[in-house]
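Below sits a lone chain in structure tokens, taken as the form predicted alone.
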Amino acid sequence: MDLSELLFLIIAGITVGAAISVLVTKEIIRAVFYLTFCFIGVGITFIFLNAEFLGLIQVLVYVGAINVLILFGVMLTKRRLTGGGACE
């Protein structure tokens, strides 16, 4: 087993662990961060498969846009869920 195979297995393990953590965790902010690690792991996996463009787009779109959108959505609706004042 050479270094690239070992690195691939480590990245795959982190990705699967992050995906399981997304399903198990109770707090949505932590779930979003675990989802970020999962998306980054998938992007690195694409790079290992010699699909560099797809890996880069995976990281840019899903980590850069989707996760930020989810975080803003959670931050803007958090007050209403916890019984705080209205966001007006």
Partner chain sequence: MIPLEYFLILSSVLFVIGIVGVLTKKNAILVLISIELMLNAANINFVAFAAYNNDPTGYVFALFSIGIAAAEVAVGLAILLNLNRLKDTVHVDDLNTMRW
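Positions refer to the first chain, counted from 1. Treat the numbers as computed from the prediction; the structure is a model and nothing was measured.
Missing here is the form predicted together with its partner chain; even so, the following discussion is about that form.
- Proximity of Val63 to its partner chain in the predicted bound form: non-hydrogen atoms within 4.5 Å are absent; the residue sits far from the partner.
- Residue contact check for Leu9: one or more of its heavy atoms lie within 4.5 Å of its partner chain in the predicted bound form.
- Residues Ile28, Ala31, Val32, Leu35, Cys38, Phe39 of 25 to 40 are found to place at least one heavy atom within 4.5 Å of its partner chain in the predicted bound form.
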